[in-house]
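Here we start with a single chain on its own, the form predicted alone, put down as C-alpha cells.
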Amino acid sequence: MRFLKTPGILKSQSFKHSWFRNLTIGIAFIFTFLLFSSIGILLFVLKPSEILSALFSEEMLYSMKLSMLTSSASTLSVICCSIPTAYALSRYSFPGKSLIKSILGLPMAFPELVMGLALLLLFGHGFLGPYLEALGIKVTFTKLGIVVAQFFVAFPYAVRVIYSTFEDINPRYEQVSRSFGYGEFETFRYVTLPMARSGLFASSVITFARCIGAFGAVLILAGGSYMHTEVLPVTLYLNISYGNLEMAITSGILLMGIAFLAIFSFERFEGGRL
C-alpha cells in the first residue's frame, strides 16, 4: 500500500523550511541580542570590587531599605484594591464600566511625569493637601508620597493582570457554588480566589517591580532628597547628576535584577498573558 502524507505533515514540513519562519526567528534573535547587549554592558563597566564598594555604601543601603519598605507597602495596598476592582469589572455590568476601564488604562499610556504632576496638584495646597494636613497627614515631599506615587503608577497594571485572571475562570464554578447555598463573598473567597492564586502571585511580583522602578511620579510628588526620599531610581538619577558612575551603575544593576526576576516569575506562573 502506498503511504499517503497527510495535509498536516505536508504543512509542518513546508513550514519547517519556510523562508518566512527563518526570517522571523532571525529577527527575534538579532534584536534580543542587541537588547541583551545594551543591558548586559552594565555588568562589565565596573570591577566587582567597585560594585561591592558602592553596594555597601551608606547611601545605597539606605536607598535599598527605603525602596523595599515603600514598595512592599505599595504592593500590599495595590493588590488589596485591585482585586475587588478587577473582579467587579470582570463579573458585573454597571453604569460607567467602560469609562472606568478607559480611565484605568490612561496611566499606562502617558509618561510618569504627567502622573507625578497630577498627583502633586491633587495632594498639594490647592486640593486635598490642606484637608489631609489638618488631619496630620502630609503627602508631598515625604516618604508617604513615595508610597502614594508608587500606588497610582502600579495600580492600573495590577488591575489589568488580575482582570485577565478572573476572565479566564469559568463563571460556572461560581454558579455551582451559589447553587449549594453559598453567598457571593463565600464563593469569591473559597472558589474564585484559590483558582486565581497563580495570577495573583504574578500580579504581586509585577506590581512590586513596577513600584520599585517608579521614578517620574516619585520624583515630582515625593522629591529626590538625598537619603530622605531617595529610592533606587532616585539614587541612579542623583548620582548620574553628580557624575558618580559607580553608584549610578550599581543602582541600575539592582533595578535590572529586580526587573528580570519579576519578568521570569510572571512568565513562569502566568505564561506572559495580559
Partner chain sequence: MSFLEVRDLCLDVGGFELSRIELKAEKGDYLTLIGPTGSGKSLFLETIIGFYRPEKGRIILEEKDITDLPPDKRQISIVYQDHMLFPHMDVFENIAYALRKKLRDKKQIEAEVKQIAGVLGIDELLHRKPATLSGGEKQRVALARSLIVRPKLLLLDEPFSALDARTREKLRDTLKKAISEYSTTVLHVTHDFEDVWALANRVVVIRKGEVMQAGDPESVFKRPSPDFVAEFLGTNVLKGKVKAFEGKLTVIEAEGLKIYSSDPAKPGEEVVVSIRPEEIILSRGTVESSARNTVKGKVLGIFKKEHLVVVEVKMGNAEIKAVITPTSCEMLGLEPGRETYAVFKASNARIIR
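Numbering follows the first chain given and starts at 1. As the structure is a computational prediction, the values presented were derived from the model and not from experiment.
Absent from the display: the form predicted together with the partner chain. The rest refers to it.
Picking from 138 to 146, 178 to 186, 67 to 75, 117 to 125 the stretch near the partner chain in the predicted bound form, with a 4.5 Å limit on heavy atoms, gives 178 to 186. Residue-level contacts in the predicted bound form: of 88, 191, 79, 132, one residue has a heavy atom within 4.5 Å of the partner chain, and it is 191. Contact check for residue 195: a non-hydrogen atom falls within 4.5 Å of the partner chain in the predicted bound form. In the predicted bound form, the partner chain sits within 4.5 Å of a heavy atom belonging to residue 173.
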